[in-house]
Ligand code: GLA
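Below you'll find only one chain, the form predicted on its own, shown as structure tokens.
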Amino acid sequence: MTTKLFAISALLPLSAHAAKFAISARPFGEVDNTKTELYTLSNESGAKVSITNYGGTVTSIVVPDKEGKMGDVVLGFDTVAEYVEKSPYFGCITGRYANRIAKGKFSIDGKEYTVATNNDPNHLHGGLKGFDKRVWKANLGNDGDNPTLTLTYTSPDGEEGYPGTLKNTVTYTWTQDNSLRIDYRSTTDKPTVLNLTNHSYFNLAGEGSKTVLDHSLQVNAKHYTPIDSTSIPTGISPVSGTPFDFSKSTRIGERIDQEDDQLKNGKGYDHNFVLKKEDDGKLMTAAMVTEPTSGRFLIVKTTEPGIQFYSGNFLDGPAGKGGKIYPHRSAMCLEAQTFPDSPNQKEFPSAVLRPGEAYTQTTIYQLGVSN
């Protein structure tokens, strides 16, 4: 299989004696008779991220541990066919509406729309063939010393039941400090609802490691949205005095099996946290995760009002990269987002996008090691 290496030195000043980054691309198989590719963005230290234009999916993030040993910290598969056949949304762009819409119905300006109930009885992650199952157009570039991958996809009016032709651009930037920056921008020609996120599954000890229960999590939130038995929010409640209080760094496994109706609903954590926003639309630190064995940490920054913490409750041992088994709770997700079911809950932040407006979002996953 041929790998194309894009000339990077030409993008640098003539005085530069070594390339600061590299970008490669290789074929990744076909989906619906459309060729897909896998792009790898590497920085000067050799840390790298790989992303396919099938669903904008992050397939690997390779970063050092405290000993300097490189390891892949996200779950995924070796072929695009496996993503098509069995992926539980590993690493992808989810949309048009990430998370759930109750009973697959919402109204805009008095007109009701119906979308697929693919997570019975609710709508989940854009429907039967959401953005995660589309082949996006790709453009490689750089932002200074940082390599970039820009993906575009136009969703036609009525796709998956959503109104409006929606033009989407998502740019991934891999920085010299091992941060994956994701910038989203969308516009529409009719009023619609929109909620995009990245659905990467992290295990900072390395993908294929046992569980994430020994990871410690801190979330910048005083409130969360409890859910009913079908995972639809029932309002906003304080985290204080509950297993959802991660205002201080807390081991994920410390309270996950407590007798609590909310934890029983999803066999663990799968809840939206209401971020303590000082300025809407401003980038803020939403969460931090640390892992004691590797010494790695993950800091999530976002412009979004909420973040979904999912503790890998429904992982059931699919074979991933290199045949590694991914068992129950062997990864976690931190999905920056508008709140679940916002189109049906007036007290939640609005998810409506109108013509003449632009949906914009920035989320950063910064990886490093503790001193």
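Residue positions are given as counts along the sequence shown, with the first one as 1. Please read all numbers here as calculations on a predicted model, not as lab measurements.
One more form of this protein exists, namely the form predicted in complex with this ligand; it is left out here, but the text below deals with it.
Report whether the minimum heavy atom distance between Asp341 and this ligand in the model of the complex is within 4.5 Å.
Asp341: no, not in contact with this ligand in the model of the complex.
Please determine whether Glu304 contacts this ligand in the model of the complex, using a 4.5 Å cut-off between heavy atoms.
Glu304 lies outside the contact set for this ligand.
Please check if Asp270 has a heavy atom lying within 4.5 Å of any heavy atom of this ligand in the model of the complex.
Answer yes; at least one heavy atom of Asp270 falls within 4.5 Å of this ligand in the model of the complex.
Taking heavy atoms only, is Arg100 within 4.5 angstroms of this ligand in the model of the complex?
Result yes; Arg100 sits at the interface with this ligand in the model of the complex.
On the criterion of a non-hydrogen atom at 4.5 angstroms or closer, are Arg181, Gly281 and Thr362 all touching this ligand in the model of the complex?
No, none of the three is in contact.
Pick from Tyr162, Phe244, Trp136, Tyr201: which residue has any heavy atom within 4.5 angstroms of this ligand in the model of the complex?
Flagged contact: Tyr201.
By the heavy atom within 4.5 Å rule, which residue out of Val115, Val73, Leu124, Leu298 makes contact with this ligand in the model of the complex?
The option sitting close enough to the partner is Leu124.
Tell me the stretch among 52-60, 341-349, 305-313, 35-43 that has any heavy atom within 4.5 angstroms of this ligand in the model of the complex.
Only one stretch qualifies here: 305-313.
Quick one: name the residues from 321-343 with any non-hydrogen atom within 4.5 angstroms of this ligand in the model of the complex.
Only Glu335 sits within 4.5 Å of the partner.
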